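The chain that follows stands alone, in the form predicted alone, written as structure tokens.
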Amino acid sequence: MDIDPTVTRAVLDAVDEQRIVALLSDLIAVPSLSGDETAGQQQVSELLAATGVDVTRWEIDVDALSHHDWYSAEVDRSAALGVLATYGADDGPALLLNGHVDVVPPGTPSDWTTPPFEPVVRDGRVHGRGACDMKGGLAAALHALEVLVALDVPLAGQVSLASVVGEEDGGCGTLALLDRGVRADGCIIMEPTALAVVPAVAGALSWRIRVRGLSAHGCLREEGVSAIEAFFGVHRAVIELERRRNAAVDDPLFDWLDRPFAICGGRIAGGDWPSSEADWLVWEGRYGVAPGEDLHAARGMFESAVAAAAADDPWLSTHPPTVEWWGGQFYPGRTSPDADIVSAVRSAATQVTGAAPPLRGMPYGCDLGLTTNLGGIPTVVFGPGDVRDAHRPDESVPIADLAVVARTIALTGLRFCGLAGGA
């Protein structure tokens, strides 16, 4: 939609880079680890209320939500808050901004140059846990909303900002939002995309493989069966499955990646005593799945690969490993590149930066799988920073990216929702 260039200029000029840095620093300073997000949600609620917008905050009935067909989680929550702010008219096009407040654990403190929850500006970047994933995107969206409100922009439609919990372990916060009946004509999720416009994301299914062995005294280990040694064949089969699946990928949105649908087995444990042959082993990981892929068939492919490896092993053929699907189940999702929300974000980003952003798929799972598949909301992911900087020591986000995202979101709000009276 064509917008009065005077209004557009006023909105873009009102974006304050240092204000975004201050907001992000405040958000980082409140640890909101998965399962302990309430203080973070209260903080966001207060920041939104200070702008003068309507803010709804509600207690999520976690127990009731856990019975939903789309529910998954790896963290036990006794309580959770939902936060939703709205601005504009409720009878025009609706734009939903979705950001999560939960962050992953910081890991070994000595690996950080500065403490993870003490935000620091260094080399043009804001450092701290959650800076990239995704409090940076949340701060940029919050400031974009601040700008629209401060300028009293008369939107013909409505911009909403949802701050959610539980994204890192399956998306229970966005599920609660959708279960509450929140819908929109378009949605922007501010996950890190390095300023690419992302209409498709992979899914990630959590799995657990249990391998049996037979215990024996270590001095006579040949009388037992090592679950660790038996595991090697299973490991090879899973890695080969990953190779085959990714070699078959034919999707232009993902052709910038060598391995868009990775299978990562990141945790392993086995045995009860160092000098006894290990009679058990447990291997856990995530299974990348493609947008549009049948998840039942994808799980079956994984289970078949494990079963085939077991069939070639004298011990496992009669003591087969088991595969469990547990924890966070991130659904893949796709929005048509021709959708209005995709065009709106690309057009806005082009005006802000002077260059058309790339259109890409992302290999990570996020709440787009819920907003598109369950909510039926055309959704695009667009946010500051590179996912390579997330989930690691010295996590950071470029300050320049924060400003670009705030301006792009504000401009998208203008164009997508329109101005009252067609101004």
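Residue positions are given as counts along the sequence shown, with the first one as 1. Keep in mind that what you see is a predicted model, and the values were worked out from it rather than measured.
Not pictured, yet referred to below: the form predicted in complex with a further copy of the same chain.
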> Which residue among A269, A79, A311, A248 has a heavy atom within 4.5 angstroms of a further copy of the same chain in the predicted complex?
Replying inline: A269
> Of these, F254, Y87, W112, W283, which has a heavy atom no more than 4.5 Å from a further copy of the same chain in the predicted complex?
Replying inline: W283
> Hey, in the predicted complex, is P154 touching a further copy of the same chain, heavy atoms inside 4.5 Å?
Replying inline: no
>> Contact with a further copy of the same chain in the predicted complex for A278, defined as at least one heavy atom pair within 4.5 Å: yes or no?
In response: yes
>> Taking a further copy of the same chain as it sits in the predicted complex, is V55 in contact with it (heavy atom to heavy atom, 4.5 Å or less)?
In response: no
> Does the 4.5 Å heavy atom contact test between E146 and a further copy of the same chain in the predicted complex come out positive?
Replying inline: no
>> The chain here is shown without a further copy of the same chain. Which stretch in 373-381, 64-72, 356-364, 42-50 comes within 4.5 angstroms of it in the predicted complex, by heavy atom distance?
In response: 356-364
> Across 243-264, which residues bring a heavy atom to within 4.5 Å of a further copy of the same chain in the predicted complex?
Replying inline: L257, D258, R259, A262, I263, C264
